[in-house]
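Listed next as structure tokens is one chain, alone, in the form predicted on its own.
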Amino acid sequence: MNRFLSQERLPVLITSVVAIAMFLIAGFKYDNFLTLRVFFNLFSDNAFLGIVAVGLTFVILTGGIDLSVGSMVGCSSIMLATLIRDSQVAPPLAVGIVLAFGCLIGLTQGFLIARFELQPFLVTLAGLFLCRGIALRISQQSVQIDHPLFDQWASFSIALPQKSSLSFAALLLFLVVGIGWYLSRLRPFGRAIYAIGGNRQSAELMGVPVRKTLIGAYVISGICAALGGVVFTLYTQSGNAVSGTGLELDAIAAVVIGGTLLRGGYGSVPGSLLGVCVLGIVQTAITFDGTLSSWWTKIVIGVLLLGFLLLQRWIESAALSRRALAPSGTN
């Protein structure tokens, strides 16, 4: 039981309980809420946010931050739409170009942070302005996409009971979460990520390739943000340079609510998915209510975020107290 309720697992467990409780309470309060259709729509409607949150989880696990992900969503969205409509590039190739651009931005930011030990906040803030500026330079107007293959991607879904379905975007989200979990838990790269977040100096002494790992974390974040822009474009079937504005804050909130510590070293990719579900449940419940302003979504998320930050602080303090009271030579 002590191992199950460890410093790392307890926040995820609490997030799961909160998500289930919120879903059930909203189900009893609003008609037609407690259905498979609403449940699976949580993943379809928030797939782009979930994919961005997966990439951001790797960065935060190292103790860093990436503020450029929201602007990357807008930049990749308008870039994809322009490539398909104006340049007549085939959708698969256009998606590859967009992902390569996200990889390049992530690689550049990671190199600057790892090689010159610059502050991640400032480097990625510069990336935020750069990506948004590039997006607005490409087009300041929304660009509609009218391509048969792209339309097939946007409309593809797997039928499920109770008139529910899993969209192509939701399937991509599950695929990214699975890959993210595999990289973070079953590969040496993931162990290096946690080691750096726990104590960078100790990781260096143990021979962990700190620079390469940090660069890899930001590359993953850049690729996931670009893919999030692609999924957002599928959702709206258009590209917009200002899309994703403020998304980096929602993604950070989802990762923290999912149990990842901002100082790094603790957290998980599935936990971030749970955090996205919590945000989605709040937004869906307010939409079902119909009498509340959309600003209530931000208010509730702010309260939840503050609560989970206090919870994490309490868990950290409790863990330190147990270590101080433990007899010498025991774990």
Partner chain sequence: MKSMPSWIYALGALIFVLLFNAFATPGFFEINVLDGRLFGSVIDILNRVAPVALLSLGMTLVIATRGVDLSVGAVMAMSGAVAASLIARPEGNILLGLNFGDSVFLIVLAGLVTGLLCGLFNGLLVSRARIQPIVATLLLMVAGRGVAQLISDGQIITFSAPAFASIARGATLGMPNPFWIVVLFAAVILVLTRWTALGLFIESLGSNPIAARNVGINTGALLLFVYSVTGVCAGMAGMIAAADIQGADANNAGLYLELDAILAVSVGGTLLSGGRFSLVGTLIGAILMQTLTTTILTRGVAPELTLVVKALVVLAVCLLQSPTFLHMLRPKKVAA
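Residue numbers count along the first chain shown, from 1. Since this is a predicted model, take the numbers as computed values, not measurements.
Separately, the form predicted together with the partner chain exists; it is not shown, and the next lines address it.
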Exercise. Taking the partner chain in the predicted complex as the reference, which of L93, L104, L122, I179 has a non-hydrogen atom within 4.5 Å?
Worked result: L122
Exercise. Can any non-hydrogen atom of I299 be found within 4.5 angstroms of the partner chain in the predicted complex?
Worked result: yes
For this session: Consider S155 of the chain shown here, and say whether it contacts the partner chain in the predicted complex, taking contact as heavy atoms within 4.5 Å.
Result: no
Exercise. Contact between S238 and the partner chain in the predicted complex at 4.5 Å, heavy atoms?
Worked result: no
Exercise. Looking at the partner-bound form in the predicted complex, is I20 within 4.5 Å of the partner chain by any heavy atom?
Worked result: no
Problem set entry | Location of the partner chain contact in the predicted complex, chosen stretch of 159-167, 128-136, 74-82, 141-149 [non-hydrogen atom, 4.5 Å] | 128-136
Problem set entry | the partner chain in the predicted complex - contacting residues of 93-122, heavy atom within 4.5 Å | L112, R115, F116, E117, L118, Q119, F121, L122
